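Below you will find one chain, with nothing else, as structure tokens; this is the form predicted on its own, and questions on how it binds or moves follow later.
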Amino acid sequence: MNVTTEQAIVPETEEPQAADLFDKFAPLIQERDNLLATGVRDPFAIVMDEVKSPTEAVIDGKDTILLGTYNYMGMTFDPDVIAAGKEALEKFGAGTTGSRVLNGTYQGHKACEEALKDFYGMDHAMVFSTGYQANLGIVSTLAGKGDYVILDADSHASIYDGCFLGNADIVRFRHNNAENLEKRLAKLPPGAGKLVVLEGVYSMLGDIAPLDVMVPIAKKYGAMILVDEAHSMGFFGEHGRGVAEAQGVLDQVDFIIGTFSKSVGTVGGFCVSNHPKTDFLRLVCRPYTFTASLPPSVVATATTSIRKLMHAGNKRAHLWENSKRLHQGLRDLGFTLATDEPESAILAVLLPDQEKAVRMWQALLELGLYVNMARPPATPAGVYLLRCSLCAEHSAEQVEQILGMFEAAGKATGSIPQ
């Protein structure tokens, strides 16, 4: 075959290779594969075959004590809560098929907001479909381009995402460091819009914020204040209103964000406030306006649970007893905890590395105890831990069982001395 000179010197062109959008996750995928290759289970892929109570489930056919569910007040199986959900399901159907500003507001949503206003003693309440959306929506709507959100470096992902959605400037301060908070605020333009975002209880380490110190500092520099009480609602404070109530600064906080998926025992989120313009947020808050509202059965269970939590003093007291006993017992066994004293219903047991944390987690699961294994980026860099979240329904006997399981697993994995 004759080939011309032009044909000989023109190279064949290849189609450019399309980028694999998963390539950026390659190091994490490899790390996970390497870990699972050692024979341990995936700590993020557990399936509950059956849930018997707030503190007991069946996992892989085995009865298991639950110590990683955020079910702080044990409301998931409360008979009144379940009955309210069944009644609403039969009366209003399975869902609303609409957003709150269109066809998605039922009588039950307004009743739930009234219960929240009564619980917190505030004038306004907005119910969201999740706690994540509550933070996403309120932070992004209040603080936009040209505004500043001043937040704890260990803030929840939903708070950071609210900053990104609103395009506000993010100013971080060192975790629970009031002096660093003031230093950051002092450098900002005096006339700029400023929102200080704090959390009552930080979910990974279980430590509480010094709101009684930080809130006055934020006020001094003209900032509005939002406190996320997701992990403190129900058992902190005289009325269970959270750390802000317990530390005497609730009346100085502009917005409280919370969730129904912890102490309330169902799913959903909310914002309560005394600010007179709060209701206007319903028209401009995108995660509220452009998503379907909670099913009627869900808001009915939330309403009933919230009203019962107003009178849950005995439950709160028992939960604190559980927290103190488990914290002291784990320290006596030789485990390192994130806090010197029990500060909340969350106890974080620190391990030196990921492999040790996963092996300890698996040993506990095989003994019949479920806890959460946590690692970066959910935790601070280099921190691996087992997160224990206690429930007001854990009996004293169960707490002793839990300590026995930690002792056995700790010795078997070399996490504590033999």
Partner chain sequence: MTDRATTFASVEALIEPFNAKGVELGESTTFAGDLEWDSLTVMDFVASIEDEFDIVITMNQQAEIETVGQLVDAVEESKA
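Quantities reported herein were computed from a predicted structural model and do not represent experimental measurements. Numbering follows the first chain given and starts at 1.
The following text describes the form predicted in complex with its partner chain, which does not appear among the structures shown.
Open item on the list: Using a 4.5 Å heavy atom cut-off, which residue among 89, 82, 171, 217 comes into contact with its partner chain in the predicted bound form?
Closed with: The option sitting close enough to the partner is 171.
- [ ] Let me know the one among 320, 77, 221, 160 whose heavy atoms come within 4.5 Å of its partner chain in the predicted bound form, would you?
- [x] Only one option qualifies, and that one is 160.
- [ ] Indicate whether the candidate residues 46, 69 and 203 are all in contact with its partner chain in the predicted bound form, with contact defined as any heavy atom within 4.5 Å.
- [x] No.
Task: Which of 372-380, 347-355, 387-395, 60-68 sits within 4.5 Å of its partner chain in the predicted bound form, heavy atom basis - done: Single hit among the candidates: 372-380.
- [ ] Although its partner chain is absent from this view, report whether residue 188 comes within 4.5 Å of it in the predicted bound form, heavy atoms only.
- [x] Looking in the predicted bound form, residue contacts with its partner chain include residue 188, since a heavy atom lies within 4.5 Å.
Open item on the list: I'd like to know if residue 183 sits close to its partner chain in the predicted bound form, meaning any non-hydrogen atom pair within 4.5 angstroms.
Closed with: Result yes; residue 183 sits at the interface with its partner chain in the predicted bound form.
Open item on the list: residue 164 versus its partner chain, in the predicted bound form: is there a non-hydrogen atom within 4.5 Å?
Closed with: So residue 164 counts as contacting its partner chain.
- [ ] Look up in the predicted bound form whether residue 102 has a non-hydrogen atom within 4.5 angstroms of its partner chain, and give yes or no.
- [x] No, residue 102 sits far enough from its partner chain in the predicted bound form that none of its heavy atoms falls within 4.5 Å.
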